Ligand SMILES: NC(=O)c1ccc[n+]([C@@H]2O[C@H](COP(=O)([O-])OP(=O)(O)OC[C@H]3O[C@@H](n4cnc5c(N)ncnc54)[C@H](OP(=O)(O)O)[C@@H]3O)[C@@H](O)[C@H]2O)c1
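So this first bit is one chain, no partners, the form predicted on its own, shown in structure tokens.
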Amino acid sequence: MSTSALPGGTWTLGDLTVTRFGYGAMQLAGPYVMGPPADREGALAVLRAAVDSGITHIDTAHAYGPGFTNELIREALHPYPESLLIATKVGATRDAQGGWPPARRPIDLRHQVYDNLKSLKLDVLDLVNLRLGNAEGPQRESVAEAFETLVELQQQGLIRHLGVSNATEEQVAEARSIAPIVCVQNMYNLAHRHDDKLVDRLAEDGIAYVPFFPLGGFTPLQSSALSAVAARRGATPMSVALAWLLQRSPNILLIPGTSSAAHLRENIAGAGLTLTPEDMAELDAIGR
């Protein structure tokens, strides 16, 4: 499948063109994103299926596993196609209980960048997102020291492009005052619309917005409204939610994750659903 056959077309991240429909690799690790996958061959197969489908944007992190997801990507896809962008994250580590404690001291960030380079077998990371806040969500704090550390690594030639994740609007602005960013990766979906204005402002400036948890946090009432539109269109709620995101704004890039090649193909087909203006209006009311 060519990139033009994927829903949403393409977007330019800095000097790199990627498919708006991408793939998030977090689910390839074991339970709670810890340890190896139960089905290693299946995990390798879904990565190869993603690239074979035309996807040119894969999202990962050394913290997934930790290390196992990146190793799977390396085994399945290295040497990487020139068109493939692998985005990774730094700013959090893992503890023995499976938690995600923040790790944003300069020494922590340098170690994480080197870990990603080694586990992915790369000399340069295409895109590194600085993960802010904690597992509860964004937290108000300065990003200057951490982001300046990544800028130094970028100047050393280890990172091509920078972004921020789990960030407040103020943190996005602070990061942009230090160096250019090409994307913001935050929680956003039909039920959680707190970043609506940010999505639009970033679109005006040519910066991508990459939502995670496309079906997270729905109340029963909101879920019923989504299911009603899905039933009317003969589609699944996930398909409608993904299609809404692609049609919400041209700078939104999708990275739905799955450990199944068949489910990956279902996600691609579902995201290609064309929603009518009436569908969009009804769906827009869910998160208002």
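Just count from 1 along the sequence shown to find any residue number. A quick note: this is a predicted structure, and the numbers were derived from the prediction, not measured.
Not on display, but discussed next: the form predicted in complex with the ligand.
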Since only the chain is shown here, I'm wondering whether Leu246 would be in contact with the ligand in the predicted complex (any heavy atom pair within 4.5 Å). no
Residue-level question: is Ala49 within 4.5 Å of the ligand in the predicted complex, judged on heavy atoms? no
Whether Val18 contacts the ligand in the predicted complex should be assessed with a 4.5 Å heavy atom distance threshold; does it? no
Would Tyr114 count as a contact of the ligand in the predicted complex, using a 4.5 angstroms cut-off between non-hydrogen atoms? no
Report the stretch among 147-155, 211-219, 104-112, 172-180 that approaches the ligand in the predicted complex to within 4.5 Å, counting heavy atoms only. 211-219
Quick one: from Ile252, Ala235, Ala225, Ile255, grab the residue that has a heavy atom within 4.5 Å of the ligand in the predicted complex. Ile255
Within 47-68, the residues having any heavy atom within 4.5 Å of the ligand in the predicted complex are Asp59, Tyr64
Report the direction of the Cα distance change between Gly217 and Tyr32 in the predicted complex, compared with the displayed form, as closer or farther; the change is 3 Å or more. closer
Relative to what is shown, are the Cα atoms of Leu215 and Gly257 closer or farther apart in the predicted complex, where the gap shifts by 3 Å or more? closer
